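Single chain ahead, by itself, as structure tokens, in the form predicted on its own.
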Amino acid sequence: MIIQTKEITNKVAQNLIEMNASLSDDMNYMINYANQLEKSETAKNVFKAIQENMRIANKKNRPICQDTGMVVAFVTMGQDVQIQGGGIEEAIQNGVHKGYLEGYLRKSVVDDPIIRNNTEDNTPAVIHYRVVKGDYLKIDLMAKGFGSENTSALKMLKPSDGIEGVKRFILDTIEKGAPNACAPIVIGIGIGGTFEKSALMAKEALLKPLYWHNEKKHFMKLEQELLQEANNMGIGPMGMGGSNTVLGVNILDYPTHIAGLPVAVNICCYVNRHRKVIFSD
């Protein structure tokens, strides 16, 4: 399969514009469902404002949130694919440039973490690559806001901490972060691997549909327990109280070293923006 870089650039740009104005079906469904379950009148009013904001954004093709995020891309590339017209990295970065300029989206990226000059086009994106067998290209795009990103955490637990230690760390992170992360939130969790692998899995877990569950029974059970216990905290939407703080919890796991138990928690607000760009025969 031959893919022209111009096609990649245009599809990345188009999807970034669209996903900043309209959330995925699973996110819309869970926000509506959480509102129906909510008992607190204050929380129901917050949900009403959230839904009205989403309706206007969708109708007028305007960003749901003023923080239009930093772009993260997970690229899965079949080894038989040929990219023509330049490199794939350049094509994706050009798509971010094009999308944020043409979509009049806020440019939030600075060129140096200390000096902090704005790059004025929201580049560079953070891009992760995976090469697999096959003849297709898939780009999972995310526009990650930093109000929630700043409440995320990673901890190198000891194996003796076990699943209860994992659970305590995750719930502590949610309790500290949710009031400042524009709840209701989505929780991506990475368990295992190494320091950086756990963080990468936590980020990638946010791309999973909210109805997805880890296939391993003990992790599926942990997902359900975390969702229930987090919602029992009473933090509620926007930290105003209520029974619906977390919309979903997704756990990804990976083998790890006998001496380690890395756990990463990546929190995302209800504006969990993600899209798939797929090229295949």
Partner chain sequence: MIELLTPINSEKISHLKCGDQIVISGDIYTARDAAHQRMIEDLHNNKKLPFDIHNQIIFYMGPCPAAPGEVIGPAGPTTSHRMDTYTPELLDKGLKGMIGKGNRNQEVINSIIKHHAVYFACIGGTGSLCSERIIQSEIIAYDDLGTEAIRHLKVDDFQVIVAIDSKGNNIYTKGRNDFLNLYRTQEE
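The shown structure was predicted, so the numbers you read here are calculated from the model rather than taken from an experiment. Numbering follows the first chain given and starts at 1.
The same protein also exists as the form predicted together with its partner chain; that form is not shown, yet it is the one meant from here on.
- With respect to its partner chain in the predicted bound form, the three residues I2, A125 and F195 uniformly fall beyond 4.5 angstroms at the level of their nearest heavy atom.
- Contact with its partner chain in the predicted bound form, defined as any heavy atom within 4.5 Å, is confined among 86 to 94, 156 to 164, 127 to 135, 175 to 183 to 175 to 183.
- Interface membership of N28, defined by any non-hydrogen atom within 4.5 Å of its partner chain in the predicted bound form, is ruled out.
- Although the partner is absent here, R168 lies well away from its partner chain in the predicted bound form, with no heavy atom inside 4.5 Å.
- In the predicted bound form, at least one heavy atom of M240 sits within 4.5 Å of its partner chain.
- Of the heavy atoms in L247, none are within 4.5 Å of its partner chain in the predicted bound form.
- Comment: its partner chain is not present in this chain, but in the predicted bound form one of L141, L206, I191, L105 has a heavy atom within 4.5 Å of it, namely L105.
- In the predicted bound form, the residues of 52 to 85 lying within 4.5 Å of its partner chain by at least one heavy atom are, in order, E52, N53, I56, A57, K60, R62, P63, I64, C65, Q66, T68.
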